[in-house]
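Just one chain is shown here, as structure tokens, and it is the form predicted alone.
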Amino acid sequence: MSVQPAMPKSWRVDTKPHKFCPGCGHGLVLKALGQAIDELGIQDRAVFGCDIGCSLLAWDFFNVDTIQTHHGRTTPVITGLKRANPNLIGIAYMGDGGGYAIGSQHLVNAASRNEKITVILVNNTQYGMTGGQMAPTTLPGQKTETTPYGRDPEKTGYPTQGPEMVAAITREGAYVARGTVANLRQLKNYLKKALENQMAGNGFSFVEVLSTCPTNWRTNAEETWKMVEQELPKYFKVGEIKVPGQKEGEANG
């Protein structure tokens, strides 16, 4: 007798198995999100917006209202939906390129305005769908298609630390955290708290997720896990960075 894996009730079962590459972390992020949606009972209120890039493969992932946006425009689209109907739970889902490169102006301004939406940004340190080029989050020395000798910070700058930036420009009601697919229980907790913060009407909620891309990293299973579990957190600190009601420095992992 085979044991069937338990899927979130908010998932659309007939679109599984999903379309992401083997070893990709998106499926894990979306599972944690689905569990958070289930536990909060917001499936009928949620609107899921996905960006162009690898994240667009989530367009049919959920049994919730879903919209696919132009590259980098997921944040303003979800902002508009939320403003038009404040009872909706707006979720903007994107990669590091969509959020920190072409969409950075929207992220910064939505955070500055304290828009009451939840943004989830998946950080796998490169542009996954187009072949693994350097992204704003590529680590110093990391080899990509456009940095074959490793990223040189003297020429291209240092990796973007998005949650720290968002925490610095948001008001007191914002929730900001960085999770990882290496700790799904913690990640689900962060996503749930981000959604709850929106439901409470406190303000902008932002969760970055450290994720995997063995296809473009060109890593085996052991190397992939070492990258996400050991190497990425050296530069991208995992934990809660800003929590409503807590003073600066009190947020924790």
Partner chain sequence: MPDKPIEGEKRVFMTGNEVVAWAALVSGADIMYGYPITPQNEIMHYWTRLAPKYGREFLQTEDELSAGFTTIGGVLAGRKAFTATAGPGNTLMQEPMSMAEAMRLPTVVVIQQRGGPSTATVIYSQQEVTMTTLGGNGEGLRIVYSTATHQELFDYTIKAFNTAWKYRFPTFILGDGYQAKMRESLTIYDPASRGIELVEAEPFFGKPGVPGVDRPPTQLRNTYNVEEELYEVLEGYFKDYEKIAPEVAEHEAFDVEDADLVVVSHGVVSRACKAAVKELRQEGIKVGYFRPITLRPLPVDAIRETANKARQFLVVESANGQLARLLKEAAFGCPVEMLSLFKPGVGITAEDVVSRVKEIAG
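Numbering follows the first chain given and starts at 1. Because the structure is a prediction, the values reported are computed rather than measured.
Omitted here: the form predicted together with its partner chain. The next part is about that form.
*Asks:* Of V64, L40, M199, L184, which residue is found within 4.5 angstroms of its partner chain in the model of the complex when only non-hydrogen atoms are counted?
*Replies:* Exactly one residue meets the criterion: V64.
*Asks:* Select from the listed residues T156, N85, T130, S112 the one whose heavy atoms reach within 4.5 Å of its partner chain in the model of the complex.
*Replies:* Result of the distance check: N85.
*Asks:* Using heavy atoms and a 4.5 Å cut-off, decide whether R12, P76 and H106 all contact its partner chain in the model of the complex.
*Replies:* Checking in the model of the complex: R12, P76 and H106 are all within 4.5 Å of its partner chain.
*Asks:* If we define contact as a non-hydrogen atom of the residue within 4.5 angstroms of the partner, is L56 a contact of its partner chain in the model of the complex?
*Replies:* Judged by the heavy-atom cut-off of 4.5 Å, L56 is in contact with its partner chain in the model of the complex.
*Asks:* Do L81 and its partner chain share at least one heavy atom pair within 4.5 Å in the model of the complex?
*Replies:* Yes, L81 lies within 4.5 Å of its partner chain in the model of the complex.
*Asks:* May I ask you to check whether V47 falls inside a 4.5 Å heavy atom distance of its partner chain in the model of the complex?
*Replies:* The answer is yes: V47 has a heavy atom within 4.5 Å of its partner chain.
*Asks:* Would T69 count as touching its partner chain in the model of the complex under a 4.5 Å heavy atom rule?
*Replies:* Heavy-atom contact with its partner chain at 4.5 Å: present for T69.
*Asks:* Spot the stretch among 25-33, 56-64, 189-197, 215-223 with residues whose non-hydrogen atoms come within 4.5 Å of its partner chain in the model of the complex.
*Replies:* That would be stretch 56-64.
*Asks:* Can you list, in sequence order, the residues from 178-217 that come within 4.5 Å of its partner chain in the model of the complex, counting heavy atoms only?
*Replies:* Counting only heavy atoms within 4.5 Å of its partner chain in the model of the complex, no residue of 178-217 makes contact.
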